[in-house]
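Form predicted on its own, single chain, as structure tokens, below.
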């Protein structure tokens, strides 16, 4: 289509104004022209949003939908904030998945209680401690204890004992993150007193309606209790982390924007979030036709990480393993635009394939040594450096304490 001189003049003169100006000023402009104007306006809008001091739901939802050149603007801003506030260092958290026995029945999870096809396992205490020793001797400085969610006395006592033993074997030098779901205030306090100092409890979605859609309707999967647990963890003194799945059925960009604002308003210290990847042995799998394409889920997750880094400049953000399940360079891409924590898996290789929260989990057949060597090279490729021997605690947490 050829534009006449008067239309070109209008486009040039009013390129920074809203689209309504075009309609009022030159009512005969065609739909094609309006689309062109809208495209130019959106480019300017992204730049304007990134210059704002405070972002609202609409701003964030717009940023989360960016692609192409607009996404590059977002990533550039996030990287600028990252380098200024948390630097180039990436901190290791040696991941120990010590059991896949779970009392919960979350509709999205491959190790949910009612999945009878899972081969259940418990690592022996000796195996957990050997994994912790590997992390300690390889200068990881921190580990994560993760398992299916349970709150029975045997489980609580066992975790308490493991925390104390890990502190002894490392001369108190290993930092410990726990990701073991909803517990009583007494249990959280007990584990904190025994050596855990970070806790990751993902909200999964801050939209109560959506949360209820992806969980059974009973007291064991109560949204308010999830939020209560987060407040309890923070009150006790943990560095408190949460996170969401990106690309769930029924999820909207506004939902995700509000998730990020929930994290900001709660004042979290760390975040772990990744793309939703369906598992064929779960109830939510039947809704797979409603999912965004897997590439969209990946891209929007990167946008979530970038926007969160802009919103909460000095928190710790993990580069989720699930990103690598979609893109071989997924974690590296996250490290370049905001993430600063990565979790090498130190679980014995024999059981890694049995801890499948989602399908296509990467590195399931690798040993701890393989994983370590691979990640160090990946981090270098991302123009980052490993913070060996450093706990890498959340600067946000430390700044708030000060």
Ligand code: 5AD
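This is a predicted model, so every value here is computed, not measured. Residue numbers count along the first chain shown, from 1.
Absent from the display: the form predicted together with 5'-deoxyadenosine. The rest refers to it.
A.B. asks: To test your reading of this chain, name the stretch in 64-72, 333-341, 50-58, 355-363 whose heavy atoms come within 4.5 Å of 5'-deoxyadenosine in the predicted complex.
C.D. replies: In short, 355-363.
A.B. asks: In the predicted complex, is there a heavy atom of 5'-deoxyadenosine that lies within 4.5 Å of any heavy atom of residue 277, even though the partner is absent here?
C.D. replies: Judged by the heavy-atom cut-off of 4.5 Å, residue 277 is in contact with 5'-deoxyadenosine in the predicted complex.
A.B. asks: Decide whether residue 264 counts as a contact residue for 5'-deoxyadenosine in the predicted complex under a heavy atom distance cut-off of 4.5 Å.
C.D. replies: No.
A.B. asks: Does the 4.5 Å heavy atom contact test between residue 202 and 5'-deoxyadenosine in the predicted complex come out positive?
C.D. replies: Because a heavy atom of residue 202 falls inside 4.5 Å of 5'-deoxyadenosine in the predicted complex, the answer is yes.
A.B. asks: Verify the contact flag for residue 146: yes if a non-hydrogen atom of it lies within 4.5 Å of a non-hydrogen atom of 5'-deoxyadenosine in the predicted complex, no if not.
C.D. replies: Looking in the predicted complex, residue contacts with 5'-deoxyadenosine include residue 146, since a heavy atom lies within 4.5 Å.
A.B. asks: Only one of 245, 312, 141, 166 gets a heavy atom within 4.5 Å of 5'-deoxyadenosine in the predicted complex. Which one?
C.D. replies: Of 245, 312, 141, 166, the residue with a heavy atom within 4.5 Å of 5'-deoxyadenosine in the predicted complex is 245.
A.B. asks: Which residue among 174, 109, 131, 260 has a heavy atom within 4.5 angstroms of 5'-deoxyadenosine in the predicted complex?
C.D. replies: Only one listed residue qualifies here, and that residue is 109.
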